[in-house]
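As a starting point, one isolated chain is supplied in structure tokens, in the form predicted on its own.
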Amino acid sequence: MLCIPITADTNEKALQDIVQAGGEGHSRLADVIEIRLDYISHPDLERLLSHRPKPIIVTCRPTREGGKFDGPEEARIRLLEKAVELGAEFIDIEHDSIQHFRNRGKSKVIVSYHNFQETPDNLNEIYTRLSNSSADIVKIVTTAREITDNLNVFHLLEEVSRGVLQYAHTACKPVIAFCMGELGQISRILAPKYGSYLTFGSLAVGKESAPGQLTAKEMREVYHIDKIDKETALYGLIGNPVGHSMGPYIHNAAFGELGINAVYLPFKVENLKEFVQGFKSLNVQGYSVTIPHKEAIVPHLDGLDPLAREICAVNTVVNKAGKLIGYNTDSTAALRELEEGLGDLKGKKVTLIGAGGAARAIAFGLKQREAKITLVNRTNEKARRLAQELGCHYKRFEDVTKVDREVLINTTSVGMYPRTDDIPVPLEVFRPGMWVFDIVYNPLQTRLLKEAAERGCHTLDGLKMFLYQAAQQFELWTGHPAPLQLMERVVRERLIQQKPK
């Protein structure tokens, strides 16, 4: 179930949000609505509960547990007891206050534990303690400091779902569990897969009740949370940052189009080794790999496709019977777009900006097509080392304007959303008639491409490369042809929505 918290600061605004959250049919967002009384200065419970469109959780969170209520504890308890008298389906009360809560009537009681500092290792012990209370449902919400913290929550949910945590005087009670913060977003999405009683999504951006809360619309329309179950296959993007990526939009749309029970998630990864080892327990079926991990992931894999082995960089991982095999679809995708625009690349003088995994993949493809490559990078030593490996030329970044070129390719993330005013090279590099290819696709028209076009250059944006490499990933993972037209439409619509009004 998806619960929408109401965080309005007046009764009137709260009532409006309740109606919006509980809409029927295609407009339905919430399965359950949580009214946060601590956000409202003078809550009118009778009005708030009189015409509720969905089951209601009444919560009045004190400041010590991350809420806004700073009045007397007795007054807070009285508010919750009044909600019981008015027929609220659920009451949420803190683990250190439940002993003072007497009047429960027919309402189900949720006992809550919040940790805004970390995800402790003893979640089972915390669950045991809370489960031994008089509550009907246990809620444990922690903060993810590392993406692997989510694994502790998944493990707890799985054990409760299997009935492993049983005690002499009580059976396992239903549990709500997930992590807060950006690194905990995946646990909010995957809550249904691992057996959480419900999860939370905000009514809109700016109406969140906790850090890392996605909107209910995104949960339903992008991640299809109402279709996630224990059989849902997992895929995702390994990178840092990942918030800009269109991967979740196109791959989840493609899964939905073909009726594949799968979900694609953004994994913001800092410690790559710990992530790869830890997430093997989730049996993730495939990964996309982006900056800065395309080269670093190679030693953590069980094998490489021949092309990826030659390039020594990976942007795709396929789980084959528990073995993680690396592929590179960047090279073929980039060369396909270049050849569609320029035709034969043999003998073309190409200046390649960057020396990371994408540069390595594109340079390898250009070398196969006998282009004349010069590498340039802000860190000159990286360009020199890569040039030695590939057997091509390199120049110091300060000399980029002196290089004779017909084609300029930016393989760095410079100019990518949200830093759209950045440009990877000085304007003096542009010459009328030359080709400029920017692999950045968000935004489509980067500053590099705008400046180049204004100076008489031909330009190629990064969208086709992104789509071609993603389609090949999808086919490697699923064995099905990728719905390329759908994927392109989804990206273009998303980019339009993202533009500043």
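Values in this document were obtained by computation on a predicted structure and should not be read as measured data. Numbers for residues come from their place in the sequence shown, where the first is 1.
What follows is about the form predicted in complex with a small molecule, which we do not show.
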In the predicted complex, which of the listed residues (317, 359, 311, 138) lies with a heavy atom within 4.5 Å of the small molecule? 359
Tell me, which of 29, 465, 33, 40 has a heavy atom within 4.5 angstroms of the small molecule in the predicted complex? 465
Residue-level question: is residue 368 within 4.5 Å of the small molecule in the predicted complex, judged on heavy atoms? no
In the predicted complex, does residue 284 come within 4.5 Å of the small molecule, counting heavy atoms only? no
Partner proximity in the predicted complex: residue 187 to the small molecule, non-hydrogen atom cutoff 4.5 Å: no
In the predicted complex, is there a heavy atom of the small molecule that lies within 4.5 Å of any heavy atom of residue 294, even though the partner is absent here? yes
Can you pick the stretch from 407 to 415, 119 to 127, 177 to 185, 97 to 105 whose heavy atoms fall within 4.5 Å of the small molecule in the predicted complex? 407 to 415
Do all of 354, 379 and 469 end up near the small molecule in the predicted complex, with near meaning a heavy atom within 4.5 Å? yes
